[in-house]
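One chain follows as structure tokens, the form predicted alone.
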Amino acid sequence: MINQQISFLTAADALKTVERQTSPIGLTRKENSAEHSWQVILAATVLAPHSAEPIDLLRVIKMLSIHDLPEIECGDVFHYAKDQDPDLPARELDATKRILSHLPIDQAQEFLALWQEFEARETPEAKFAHAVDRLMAFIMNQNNQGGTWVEHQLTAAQVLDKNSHVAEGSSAIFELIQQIVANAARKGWLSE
């Protein structure tokens, strides 16, 4: 059993090689998906009191620790372009199954169920996990003079519309996002 778990951890190490859209604060290089995963786990731990509903924090942490595993095979698809790839959900599911297949069957099934729960965004844990996952891009862009918003010439309306679901996980986080967007629009990082 431990050999299978080590095999999975070895395969998951590839998450460090996946370049994301955003840059770490103050740096020109792009962050990798492993850095992002660590940061959203930290954010969930710190911001848990702001969840819209009571949550099982360990369940949220487990979800966030694996939520980006399919990026090992599928890459990081820009949040605002995901709708342009109708095959993405199926490809990500297949990739997740392949990566989790390194684990003993009971762990693989548990983690796959958690990944699917995250993707479905129906439970309080999944809604909150999505809220903190989305927040990180806002923090990065706010501290990098607009970051990917400027690079992709996004509008304030696009950003708010694509992230309105955050309110389901945390009204406090969504209010913060609205403030960040308003500030970014004032600074010209997002067009009105």
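Each residue number is its position in the shown sequence, starting from 1. Here the structure is a predicted model, which is why all the values come from computation and not from measurement.
Not on display, but discussed next: the form predicted together with another copy of the chain.
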Scan 65, 123, 158, 148 and let me know which has any heavy atom within 4.5 Å of another copy of the chain in the predicted complex. 65
Taking another copy of the chain as it sits in the predicted complex, is residue 191 in contact with it (heavy atom to heavy atom, 4.5 Å or less)? no
Examine residue 162 and determine whether its closest non-hydrogen atom to another copy of the chain in the predicted complex is within 4.5 angstroms. no
Does another copy of the chain get within 4.5 angstroms of any non-hydrogen atom of residue 182 in the predicted complex? no
Might residue 139 be said to contact another copy of the chain in the predicted complex, defining contact as any heavy atom within 4.5 Å? yes
Establish, in the predicted complex, whether 32, 57 and 61 all lie within 4.5 Å of another copy of the chain, using non-hydrogen atoms for the distance. yes
What residues, if any, in 11-41 have a non-hydrogen atom within 4.5 angstroms of another copy of the chain in the predicted complex? 12, 13, 15, 16, 17, 24, 25, 27, 29, 31, 32, 34, 35, 37, 38, 39, 41
